[in-house]
Every structure is written in C-alpha cells, then in structure tokens.
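Okay, so here's just one chain, in structure tokens, the form predicted alone.
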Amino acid sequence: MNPAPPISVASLACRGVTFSYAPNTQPVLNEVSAEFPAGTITAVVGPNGAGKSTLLRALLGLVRPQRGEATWPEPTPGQNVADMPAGVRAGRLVYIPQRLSPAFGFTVRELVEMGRHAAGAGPDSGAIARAMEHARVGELAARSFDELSVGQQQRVGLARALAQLDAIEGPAALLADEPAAAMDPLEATHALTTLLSVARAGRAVVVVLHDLSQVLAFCERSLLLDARGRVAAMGPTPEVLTPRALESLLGLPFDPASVGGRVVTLVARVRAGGTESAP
C-alpha cells in the first residue's frame, strides 16, 4: 500500500480510519486516509453501504474509529477530533444529517436558532433571519417542523447549519449528508450553490452525494469509496469521476454526457429490459 500523502495543517483530515459497528464484523470503513482542504467542496461518492455516512460521523467525532483518527488543525495542529470536547467540536465542525429528527414540535425559527446555541453563541435575530433567507425558509419561520415536507425540512437543516457557521470565528468545516436528496431541482441547485459559497468563504465543505451531475457541477474534489469502505480514488473531480472508475465501483458501464464540450453528468448505459452488460 502506498503511504498516505502528508496532511496540510489547514485541513480536516483522517488517517487510516477503520471502523466497525460491532466486534469481529466486517469494517464499514477500512484504512481510510483523506484530506478535505479549506475553501473546497469535496464529494464523498460510493455504493450503498460503502461507509459514506459513517465517514462523516468519524470526521465529526461522533464515532471513534477502532484504528486511525480524524484530525483538525486548530487550536492544536493534528489533534484527534474524537478527543475534543463536544462543545469545542460544535464550535468548529457543523453537521447537516440526512434527516433532522427533533424530539419536540419546534418551529423553524427555534430550530435555526439552535445552530447558534450549538456554537456557544447567544441569540441574534439578524443572524437567524439571514440564515433562513439564504436557505429560503424565511416564510416558514413560524411553522412547526413536523408540518413540513421532507425537502422543506432539509432546507431548515441547511439554515440551522448556516446559523451555526455564522457564529464561528476562525476555521470551520461543514459536513452534509445528502443535503438536497428530497429537494426539487431548483431548490437543490440553490442549496448546493449555498454550500459552494460557504467553501468560497474559506471553510472546508464535505458532502455525501449520489447525483453525479451535482458532484460534477459543484465539487472540485471527490473521494470514491468502494463497497468494502476503502478509498478507491481521491483527487480533482474530473480525474476521479470517470466512466472507468464508476464501472469498476458500481459494476455498470457509464457514458459521459456533455454540454458545450464539458461533461455535466455520467449516465449508466441501459437497454430495453435492463442494464446493458459492459462491452
């Protein structure tokens, strides 16, 4: 195995992360080493069960790997994220899960305000309003979260993350697990454009995505995980997300779809009655 490249002190990273949910079972993540630079959106791509969501949780310190570690550069370079107190982590690392699951019937405004509390900041009506505006949920502020569609709930999760980020001074990272999966195309595009603006502001952004067109459009870098939770490839998205790599990963032949000479998505090759065999 080739040695992992040296890690920049300015990046969220992991080294040799191996994690199983139960003793003596197949690892969900297997020797994963990767770097997620500040100012960049990195997509995590792979088949179902590849450990994508678990990787985010390891990077956030929500699960502790049996081997290896996730590291954060501040205040101590290379410190183990899992060793950071929860309050300190929340002041550096922001999480958008696949589904928010509040225990009570909070309003949208109350949930967004919780983002500021997570970062250790007090109420700020202006910051909360800005976060809701950027996530396009301002008109839902007084609504109960339970009354919303899944796509609307995902936008609330984005607003809460933006409110948390707004309260963080200094380096921060945002990790999002399929943040636009239930949104219509217009809202999904807006949400991912918002995440791109977060990266452009100097934060590291890591996002699990299945939609290859979204990866190609918004993510400068990609990490491919295989079905055994190992790194299949990592680097600039155009170099990593190729028909050959996806066919090896998913067992399907893919063809590039281009607009104006630029590849905008990769499409599984199909024929009437089922998926075509690879030539």
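The structure displayed is predicted, hence computed values, not measured ones. Start at 1 and count along the sequence shown; that's the residue number.
Separately, the form predicted together with a small molecule exists; it is not shown, and the next lines address it.
By the criterion of a heavy atom within 4.5 Å, Pro238 is excluded from the residues contacting the small molecule in the predicted complex. A residue is said to contact a partner when one of its heavy atoms sits within 4.5 Å of a partner heavy atom; Ala245 fails this definition for the small molecule in the predicted complex, lying far away. For the chain shown alone, Gly39 is not a contact residue for the small molecule in the predicted complex, no non-hydrogen atom being within 4.5 angstroms. A residue is said to contact a partner when one of its heavy atoms sits within 4.5 Å of a partner heavy atom; Arg221 fails this definition for the small molecule in the predicted complex, lying far away.
For the candidate set Leu216, Ala233, Leu252, Val28, a heavy atom within 4.5 Å of the small molecule in the predicted complex is found for exactly one residue, namely Val28.
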